[in-house]
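Shown next as structure tokens: one chain only, the form predicted alone.
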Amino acid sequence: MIQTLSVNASPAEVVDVLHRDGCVVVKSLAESKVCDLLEKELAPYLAAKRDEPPNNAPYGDEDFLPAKTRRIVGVIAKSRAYRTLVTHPVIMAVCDAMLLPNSASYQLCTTAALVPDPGSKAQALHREDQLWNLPSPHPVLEVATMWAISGFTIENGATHLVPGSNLWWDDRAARADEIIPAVMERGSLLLWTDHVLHGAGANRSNAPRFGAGAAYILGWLRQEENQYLAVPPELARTLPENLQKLVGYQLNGGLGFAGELGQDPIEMLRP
């Protein structure tokens, strides 16, 4: 099963489950007004995606990027509500506990809004750590999140995960009975770590399913989504400092200086 914690669960409880199972749901963490605002802000971008040809992504195939799924990236630049969600205190506390032991800082890896429309197929199970091709076992590299902006049900393709696969070797395949849908109410948050097998489910309902995802990685890893182009300096200057740092405008030890040798890039965003 995928353990579901109450909205009042402590970050320490979330971390304990993540270490054990690799995935967990926290119920009703986002207020309805934030979900409403996110839907409103992203509606024009999602409407434009309806006119795109099937599976028009620049890489990948139908197994990984199924047709009839609308995808928006660069979401920080597109939604104020999303900025609130990606800096939620529970997520920050979990990332502090799970990522800072192995890095001086952490940063955003990807931002996305995902809307599988009716008829979209299931995504192939995969692991986030495949990006860096590191042999397992290894420390946690990434904490991934998915907010339920609409309810996630078995029928509309709730994200599939394999609890416990965070502890498996790379070549261990999942049996059908080990693959569990992350059913959750609107406003709930799903978290999982990088070695967990997961993938979007097939939407067999008559309505879209709306999720907003973000992934957080060790500060010394290469980001999957180039945040410096997605959030260029002129936009980054308008953001709170904690979000500037998440985008990547910060030093990680001696990595990432800008301007003078050793200069923290966040100083270049200040007046």
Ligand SMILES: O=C(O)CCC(=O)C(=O)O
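All values reported here derive from a predicted model rather than from experimental measurement. Residue positions are given as counts along the sequence shown, with the first one as 1.
FYI, the form predicted in complex with this ligand isn't displayed, but the following is about it.
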Listed residue that, although this ligand is not shown, lies within 4.5 Å of it in the predicted complex (heavy atoms), from 86, 149, 143, 146: 146
Listed residue that, although this ligand is not shown, lies within 4.5 Å of it in the predicted complex (heavy atoms), from 126, 121, 186, 78: 126
Proximity to this ligand in the predicted complex (heavy atom, within 4.5 Å), stretch among 168-176, 193-201, 92-100, 131-139: 193-201
In the predicted complex, residue 114 touching this ligand (heavy atom, 4.5 Å): yes
4.5 Å heavy atom contact, residue 45 to this ligand in the predicted complex: no
In the predicted complex, residue 228 touching this ligand (heavy atom, 4.5 Å): no
Contact label in the predicted complex: residue 220 to this ligand, heavy atom within 4.5 Å: no
Partner contacts for 237-271, taking this ligand in the predicted complex and a 4.5 Å heavy atom cut-off: none
